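Below, in structure tokens: the form predicted alone, a single chain.
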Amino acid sequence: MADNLEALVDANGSETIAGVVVEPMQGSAGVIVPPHGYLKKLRSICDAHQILLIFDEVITGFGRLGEWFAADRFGVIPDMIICAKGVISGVVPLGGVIVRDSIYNEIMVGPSHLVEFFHGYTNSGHPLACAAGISAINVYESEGLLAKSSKLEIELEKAIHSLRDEAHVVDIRNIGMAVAIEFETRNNQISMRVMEIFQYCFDHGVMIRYTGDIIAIGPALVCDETEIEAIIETIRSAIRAIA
């Protein structure tokens, strides 16, 4: 893992590596939580070799892990953060890149007639998307959703782990408001069981996602304990209904 980065640097030279991009918590892969100290070790390796550390926080940013960013949760500050999703709560498409002052200042140094920090694209700075982003951030703050997320995390953890003894459950992983359940593969047919669980939940008013033999959920930060219970009990019923 982190040692592989050291080996890569030794084999190729740090001058050939511009940056390391990592999800602080791998969301789409099935809520893979990093081992203790992993991100800090990446930070130290990148510092030692002057390599940029870039966090993909499209999933983990804006309260999913109980803090504004996973960087805050894990106490590791990257050089760049890629963000989207939670920044506008799904209203309209918006993504962004947050950089350290040192990177910004380096890019800003140059002839005064040139465009500063040039990064323009067709829809950059779209006023509708930016307005949605500002409004979403205001709601996060005014409704205390990050603090609520930290509180709900405890309830979600307790609820999801109540499924550990259900049939075919191999592993349960959780951090913040993100959880995943991994199942046994049925007759060497990857995804068949979880696809049926997905369909059962969908038919009963609960949207989950699946990949491989893993189902994952990320309840909205505005939900409550009753809704978490409803989600988990629907999944429990699905597991028991699907062989």
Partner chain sequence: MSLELEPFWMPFTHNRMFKKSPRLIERGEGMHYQTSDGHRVLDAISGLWCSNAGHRHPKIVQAVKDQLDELDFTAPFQSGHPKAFMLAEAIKKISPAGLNHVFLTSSGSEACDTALKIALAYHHSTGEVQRTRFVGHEKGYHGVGFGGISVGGIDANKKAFKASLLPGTLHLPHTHNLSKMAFSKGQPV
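All values derive from a computational prediction rather than experimental measurement. Residue numbers count along the first chain shown, from 1.
If you look for the form predicted together with its partner chain, you will not find it shown, but the lines that follow are about it.
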Though only this chain appears here, would G144 touch its partner chain in the predicted complex if you measure heavy atom gaps against 4.5 Å? no
Mark H49 yes when one of its heavy atoms lies within 4.5 Å of a heavy atom of its partner chain in the predicted complex, and no otherwise. yes
Taking its partner chain as it sits in the predicted complex, is K151 in contact with it (heavy atom to heavy atom, 4.5 Å or less)? no
Is it the case that G212, even though its partner is missing from this view, gets within 4.5 Å of its partner chain in the predicted complex, heavy atoms only? no
Using a 4.5 Å cut-off on heavy atoms, what residues in 57-73 are near its partner chain in the predicted complex? V58, I59, G61, F62, R64, W68, F69, A71, D72
